[in-house]
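Shown below, as structure tokens, is a lone chain in the form predicted on its own; questions about how it binds or moves come after it.
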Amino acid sequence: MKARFSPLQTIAILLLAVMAVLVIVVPLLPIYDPYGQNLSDSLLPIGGRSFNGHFYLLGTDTLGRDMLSRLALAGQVSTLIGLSAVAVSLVIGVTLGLIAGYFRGPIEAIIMGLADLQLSIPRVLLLIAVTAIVGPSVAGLAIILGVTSWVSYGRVARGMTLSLREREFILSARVQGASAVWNIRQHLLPNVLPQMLIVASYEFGMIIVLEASLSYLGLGVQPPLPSWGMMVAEGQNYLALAPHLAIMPSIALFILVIGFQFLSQAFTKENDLEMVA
């Protein structure tokens, strides 16, 4: 039987396939050199050639560096930060959500109070403040984005735990002497994780946007590593002369984010249909 994909899934797969080519295939090409500088080749347009005949598919930046190679490396950095941040936020959010939903009472009030407090502070302002204090670095940025992104996972995990904790298989295990940790690990976690993957596919796109925003402000990835946000910030000074410097990283960012958003929506619709069935 042939697998059938919904329109959203098809679009998401195509968009993410484009990003996979950029992030995985391009670095394997012999032309890949994100750090090589040649001032005589600076600001070449898309499809431009240097005096020595070297071809640049997406042109060059102000220092004569290959834009295609820079975009590929920036995509790898953004993907690494996004996946690391999602892993951190997933672990924190699911753990706290399961604990809050299972034990209820004061523990739930404290955890959900922390979630409400974090939601009351604009996320970008919180990230700017924390990053300015801690300092910009790839590892630090991934941890900060992960720690400040756990609320969505926590609220969904808590809601699902509240509906599951009174089910027969949970009550039966509790009556037979099963501990809270065993119940959470063996019964609740396997039922909650599939929904968390849907949340993760949505949050990944949001984290990529936040990382690009911080890099645009100079608080994210630092040179010589490239970042799509930093490339947009640098390219906006040359919009009249070389608009591709800002347009190319913007398009790459758009493709990656919209691809994961479509994927998240497709998963959500499939999950709703399964629940109705």
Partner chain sequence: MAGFVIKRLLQAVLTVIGVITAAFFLTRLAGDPAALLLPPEATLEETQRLRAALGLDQPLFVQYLLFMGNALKGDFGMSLRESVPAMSLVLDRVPATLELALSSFAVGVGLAFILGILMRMTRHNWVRDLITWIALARQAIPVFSFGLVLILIFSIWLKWLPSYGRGTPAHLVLPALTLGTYELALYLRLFNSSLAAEQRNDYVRTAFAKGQGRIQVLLQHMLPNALLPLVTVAGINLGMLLGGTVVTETVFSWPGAGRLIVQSVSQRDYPVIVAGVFVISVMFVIINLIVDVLYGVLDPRVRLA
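Residue numbers count along the first chain shown, from 1. Fair warning: this is a prediction, and the values are worked out from it, not measured in the lab.
Just so it is clear, the following notes concern the form predicted in complex with the partner chain, a form of the same protein that is not shown.
Taking the shortest heavy atom distance, is A240 within 4.5 Å of the partner chain in the predicted bound form? So A240 counts as contacting the partner chain.
4.5 Å heavy atom contact, I107 to the partner chain in the predicted bound form: It does not: once the partner chain is placed as it appears in the predicted bound form, I107 has no heavy atom within 4.5 Å of it.
Does at least one non-hydrogen atom of V175 fall within 4.5 angstroms of the partner chain in the predicted bound form? No, V175 sits far enough from the partner chain in the predicted bound form that none of its heavy atoms falls within 4.5 Å.
Do A12 and the partner chain share at least one heavy atom pair within 4.5 Å in the predicted bound form? Answer no; every heavy atom of A12 is more than 4.5 Å from the partner chain in the predicted bound form.
Contact residue in the predicted bound form, from V124, A87, L114, L162 (heavy atom within 4.5 Å of the partner chain): Of V124, A87, L114, L162, the residue with a heavy atom within 4.5 Å of the partner chain in the predicted bound form is V124.
Just one of L57, L29, I247, L63 has a heavy atom within 4.5 angstroms of the partner chain in the predicted bound form, so which one? Looking at L57, L29, I247, L63 one by one, just I247 meets the 4.5 Å heavy-atom criterion.
For the spot marked by W150, A266 and T268, is every residue within 4.5 Å of the partner chain in the predicted bound form through some heavy atom? Not one of the three qualifies.
Counting only heavy atoms and a 4.5 Å cutoff, which of 130-138, 95-103, 75-83, 189-197 contacts the partner chain in the predicted bound form? Going through the listed ranges, the match is 130-138.
If you apply a 4.5 angstroms heavy atom cut-off, which residues in 201-216 are near the partner chain in the predicted bound form? Heavy-atom contacts to the partner chain in the predicted bound form: V209, A212, S213, Y216.
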